[in-house]
Ligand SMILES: C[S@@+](CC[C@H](N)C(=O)[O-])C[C@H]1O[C@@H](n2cnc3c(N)ncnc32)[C@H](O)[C@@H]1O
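Shown below, as structure tokens, is a lone chain in the form predicted on its own; questions about how it binds or moves come after it.
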Amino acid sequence: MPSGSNTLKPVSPAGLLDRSAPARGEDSMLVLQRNARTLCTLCHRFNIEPSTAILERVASIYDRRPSWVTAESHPTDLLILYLAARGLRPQRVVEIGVASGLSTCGLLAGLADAGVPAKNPQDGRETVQSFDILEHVPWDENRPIGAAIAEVLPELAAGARINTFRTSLDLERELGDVPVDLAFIDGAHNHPWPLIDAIQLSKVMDPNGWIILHDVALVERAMLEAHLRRMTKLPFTPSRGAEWHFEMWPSEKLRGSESGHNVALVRPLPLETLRMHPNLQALVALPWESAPPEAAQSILVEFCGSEAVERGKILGRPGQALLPSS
């Protein structure tokens, strides 16, 4: 790459202490510049030349977020989404969990900058298919799910379809025949939901694609926040579903570093590889943090076995059953 102002200048790593989203008015570009390792790692993996222009593009998206977006992704989260979408040039992207839609903007920008059309020419459907069980933003019932997309990137909003009242259980029914090359899991983080989402995605994904997992470091974040605030208890109860899923999913993996450590990527796997895989059996047997519906439990039984599923239905408190035995 020619030398010049667009050449990335290495900056010292941010580390875990920069995980908090920048405050209103703070320069998100400076935050991103402290994440040179994450930028270079993802660029290398997806054959993109790292540059300051990439950081400027992502910072501009983050800085356009409206004031009502209070549950915000970190700028480095958007950077990873942007780079994956831009580098993979996917025919179809699936997002599970939308909320304000700020993360969707990172995906849309990456696709647009890679020259991917807003709608797939094969079936005419929007390239990004987003699924959310809710109809309105969790913290603002007056705003529909994904409302920030039209405010942040109105010129690209036509590239995303928001499928409300839907979960990963609806993927096969709602998606067309175009294979999914990139997916983002950011819905329910309570175990075993991330595993359910990943199994369902593996049914519709190209094996050469990637699944991006959000919130794989919630325990670290809770402990760090308690330490910094000198609290004797964790400020929130962290879910471990995404963390456990990343650790035990039996495929190629990639994780952000510095303040991108909360985002990880894994490869989908063929269904015949997933069925009764020892890693999945051990994963689903970990204490469940939520009670998925019967249809979701049936999926887990099919892929992990009834014995492992029954073991998982025990809460972290000894002897307390989460669900009645069938």
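Residues carry their position along the shown sequence, with the first being 1. Just so you know, these numbers come straight off a predicted model, no measurement behind them.
The same protein also exists as the form predicted in complex with this ligand; that form is not shown, yet it is the one meant from here on.
S.K.: Please run the contact check for Arg166 against this ligand in the predicted complex: heavy atoms, 4.5 angstroms, yes or no?
M.R.: So Arg166 counts as contacting this ligand.
S.K.: Hey, in the predicted complex, is Leu108 touching this ligand, heavy atoms inside 4.5 Å?
M.R.: No, Leu108 sits far enough from this ligand in the predicted complex that none of its heavy atoms falls within 4.5 Å.
S.K.: Wondering, does Trp249 line up within 4.5 Å of this ligand in the predicted complex on heavy atoms?
M.R.: Taking the distances in the predicted complex, the answer for Trp249 is no, it never comes within 4.5 Å of this ligand.
S.K.: Using a 4.5 Å heavy atom cut-off, state whether Thr127 contacts this ligand in the predicted complex.
M.R.: It does not: once this ligand is placed as it appears in the predicted complex, Thr127 has no heavy atom within 4.5 Å of it.
S.K.: Of 241-249, 118-126, 92-100, 221-229, which is the one stretch near this ligand in the predicted complex, taking non-hydrogen atoms within 4.5 angstroms as near?
M.R.: That would be stretch 92-100.
S.K.: Honest question, do Ile133, Phe184 and His189 all end up within 4.5 Å of this ligand in the predicted complex by heavy atom distance?
M.R.: Every residue of the spot touches this ligand in the predicted complex.
S.K.: Which one of Pro138, Pro235, Gly176, Pro207 is close to this ligand in the predicted complex, taking close to mean a heavy atom within 4.5 Å?
M.R.: None of the others qualify; the residue that does is Pro138.
S.K.: Identify, from the list Leu213, Ile145, Ala85, Leu195, the residue with a heavy atom within 4.5 Å of this ligand in the predicted complex.
M.R.: Flagged contact: Ile145.
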